[in-house]
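Given next, in structure tokens, is a single chain: the form predicted alone.
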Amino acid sequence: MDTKTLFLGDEAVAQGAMDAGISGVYAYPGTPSTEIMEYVQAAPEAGARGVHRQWSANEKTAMEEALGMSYAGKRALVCMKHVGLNVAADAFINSAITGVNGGLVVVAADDPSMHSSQNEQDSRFYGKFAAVPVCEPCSQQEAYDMVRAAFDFSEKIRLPVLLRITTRLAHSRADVVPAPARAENPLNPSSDPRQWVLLPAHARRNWAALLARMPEITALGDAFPWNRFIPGTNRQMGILAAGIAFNYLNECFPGGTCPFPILKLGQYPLSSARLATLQAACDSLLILEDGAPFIEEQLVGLFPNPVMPIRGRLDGTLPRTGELTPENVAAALGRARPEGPAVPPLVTPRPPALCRGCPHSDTYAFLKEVMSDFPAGRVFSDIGCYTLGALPPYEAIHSCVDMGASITMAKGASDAGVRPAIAVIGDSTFAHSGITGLLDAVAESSPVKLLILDNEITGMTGGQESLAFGRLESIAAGIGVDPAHIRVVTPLAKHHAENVRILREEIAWPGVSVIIARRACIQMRRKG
């Protein structure tokens, strides 16, 4: 098969996984990883094969479900954004101790510069922490090829493999030449309980065995073609370019060749032999990587500055925060990046805002009116479209930290004496990580008022189905909320007075209240 297809980076990962013979993909929507699952969901071949492709409640459940499929001998893909790996960390770290049966690849889509995230953490640290291989493609073609090879590698070394991409690769397009598809694995559940039962005695043995294999795993991974040394004619400086940084480096030499020796990296752990080759070919090093100074920090320890000067993010040659870009790579090289034609402004820049007609606007209207009577009260919000309630004209919320933190922060504030302590959370985020926080509040009869903004979809990431759809009242009642204090309101201007009254009544109640503000997302209505 040599037909080129124009793919997003996310789509290249998805197609590569399907062609690698996956039997399931597990994910929770989060930019910039969402399109991986959506591509598989829409793929006729995935439907014909019966590939599992339904959204999970959160990243932890996705990781554990994929691990279960691996236990059964089949190949599974797990997809999430970088902060989702925090949620999945318990299962992810322990999967390195259990090892795998069927191939297991975990895709973490990092977001340097925080285009749609609350931090810009680098998932490569998780791979190093867990002692599992990490792959980092520089192009859509490499993303496709790497994910296919990662499944083979996973089964060869009996470990999960982490595939790390960043926003620019995930959401840019390039031609990809697919390879022939591989058949799915047969059902073959693991027969070794000592591998999967992490009693301390088993876990200690497995961890020691994993550490003992690291030199072998490093050597096997380094044999892949995306780690390679490119000689140069100018030994004044050597360049180590990881992932998409290799593309940015090439953009600085249009129509020409970089004169400096280059070590192109797409596979970790780092190979000391390749690093030594680069060190021998130059007098100083420039480290190009998108994200944290992950490689740079390790090299400073290996090559102390008096012996081998190292430049990068740590010494200020490149910015310490934000994305790596062709512009700051060019600046680090002391070159002017060639400029393309000027692009005239097409629209006037504006801050993000809720859509016109969004139900959250009417919810914030009655919430703000009520809270104006309680200047000492606080509203703790969560991750979703409704986070925009922090901006004008609403200015209705006081916090947004991580998925599910609205309820638990409201409970902690109420424990400290804040009255009223109100939590604002979306229906999908409630299913993701809000249920356990509500259980804490119910167990202590905390005077927390939970306002669930039920727009019946996962709105912020493109309209995926919410696993809480049609279940919110029964979930709240099942956890133990008094049914008399589970109230459903319709956020519309004509119901404003009624909604104000209901919220005031629940604030007066000394126990846990759940108010569900239910109206479909305006974007979903337009599509319907």
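Heads up: residue numbers just count along the shown sequence, starting at 1. Because the structure is predicted, anything quoted here is derived from the model rather than measured.
Omitted from view is the form predicted in complex with a small molecule, to which the following refers.
- For the options I97, A396, C385, V134, the residue carrying a heavy atom within 4.5 angstroms of the small molecule in the predicted complex is C385.
- Proximity to the small molecule in the predicted complex, defined as a heavy atom within 4.5 Å, holds among K449, R75, R164, H360 only for H360.
- The partner is not drawn, yet in the predicted complex one stretch among 215-223, 412-420, 79-87, 320-328 has residues with heavy atoms inside 4.5 Å of the small molecule: 79-87.
- Proximity of S428 to the small molecule in the predicted complex falls within the 4.5 Å heavy atom cutoff.
- At a distance threshold of 4.5 angstroms between non-hydrogen atoms, L265 is out of contact with the small molecule in the predicted complex.
- A residue is said to contact a partner when one of its heavy atoms sits within 4.5 Å of a partner heavy atom; V176 fails this definition for the small molecule in the predicted complex, lying far away.
- Proximity of L159 to the small molecule in the predicted complex: non-hydrogen atoms within 4.5 Å are absent; the residue sits far from the partner.
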